[in-house]
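Below you'll find only one chain, the form predicted alone, shown as C-alpha cells.
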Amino acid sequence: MKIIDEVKGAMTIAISGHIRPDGDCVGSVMGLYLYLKKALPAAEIDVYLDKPADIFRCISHIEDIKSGFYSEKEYDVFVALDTTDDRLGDVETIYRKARKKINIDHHVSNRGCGDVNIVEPDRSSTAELLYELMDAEMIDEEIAKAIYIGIIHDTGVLRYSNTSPRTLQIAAELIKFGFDFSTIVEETFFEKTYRQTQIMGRSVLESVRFMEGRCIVSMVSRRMMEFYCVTPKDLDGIVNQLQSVKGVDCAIFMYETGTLEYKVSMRSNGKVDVSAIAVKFGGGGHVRAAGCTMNGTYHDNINNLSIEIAEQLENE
C-alpha cells in the first residue's frame, strides 16, 4: 500500500509524533509533512510536535511545526508516527476526534491505535517504513534528507543490529539525491555542545555497575540539570555511551522530571529484552532500546528494574 491512497480526498490533515521527539520521530513527521504538501497542494496540512532540538534545523520547513498550540478542528485524517496515541501528549484529544486515524510505527510494543495501522517491528525505524509507503517519483532532496535523518538516528548511523540489508539499500537511495549526508551525520548525531559534554562526562563518572558488572546505571537530577543549564534534549546519547562499556549487557539512564518521577532510557546488547521491561512500567520500545516513566525514588526504581533484568539474565 501507499500512504497517498489512505489520505486521498482529505482536505485537512494533521501529523504528529511522540512527546520529547527523537531523530526518527522528527525525521518521519517532517518527511511525511513535506511529502503530503507536495502530493496534495490543495489540502490544509498541520504538523504538531514538541519543539525539536536545534540540531534538526537543517530540515526544510521545520519552522512550520506547531508546538504548544493545538487546534480544536476535526481533521479529515490524523497520522500518528513513531508512537501510540497515549504518547501524543496534548495532541491526543485532536487525534481522537479525527474522522480517520492512521498509525505508522515500528515499535514492537505498539498494538495499533488507529483505523489504519501500519506497524512493522522488523523495520529499523519509522522513517524506513515511511519511505516504503511513499511513491518514489514524488520524493525530492528535502524529503529524502528528512527520512535519512530519521533512519540514521534510530540505527546509530547504520551501526545498530536493527540495520538490515534493506536499510542500507534505502540509505544509498536517499543519498543519491545529493544532500551533504556526512555533515548531517556529524551535526545531528555526533556533535555535542560543551554543556552536553559536561553533563555526559558527569553521568559516566558517577555511573554504577551492578549484577557482576553486567548492568550499568546513572542518573541526572533536576538540580544537576539546572547547574549545567541543560534540558532533556541535551541528555541524548548518554545511555548509548553507558552501553558502550565493555562487559555491559544492559545500560540504564534516568533523569528527574518531577517529584519522585523519572524518565528512564534503557539499552541492551540483546541479552536483555528492555522493551518487555519497559512495557511492564507503562513504556515501550524495542528489544535493544526502550524507555518509560517511573514513579518513586531513584533507588526504588533501580531495584524494581533490577528484578526484571535479573529474571531475564537468569533465564538466558
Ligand code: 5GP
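Position 1 is the first residue in the sequence shown; the rest follow in order. Fair warning: this is a prediction, and the values are worked out from it, not measured in the lab.
What comes next is about the form predicted together with the named molecule, which does not appear here.
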Is there a heavy atom of C292 no more than 4.5 Å from a heavy atom of the named molecule in the predicted bound form?
yes
So, P52 and the named molecule: in the predicted bound form, are they within 4.5 Å at any heavy atom pair?
no
**Prompt:** Do K101 and the named molecule come within 4.5 Å of each other in the predicted bound form, heavy atoms counted?
**Reply:** no
- Message: Can you work out whether S268 and the named molecule are in contact in the predicted bound form, taking contact to mean some heavy atom pair no more than 4.5 Å apart?
- Response: no
Of 52-60, 258-266, 65-73, 33-41, the segment with heavy atoms within 4.5 Å of the named molecule in the predicted bound form is residues 258-266
Restricting to 137-164, the residues within 4.5 Å of the named molecule in the predicted bound form through any heavy atom are none
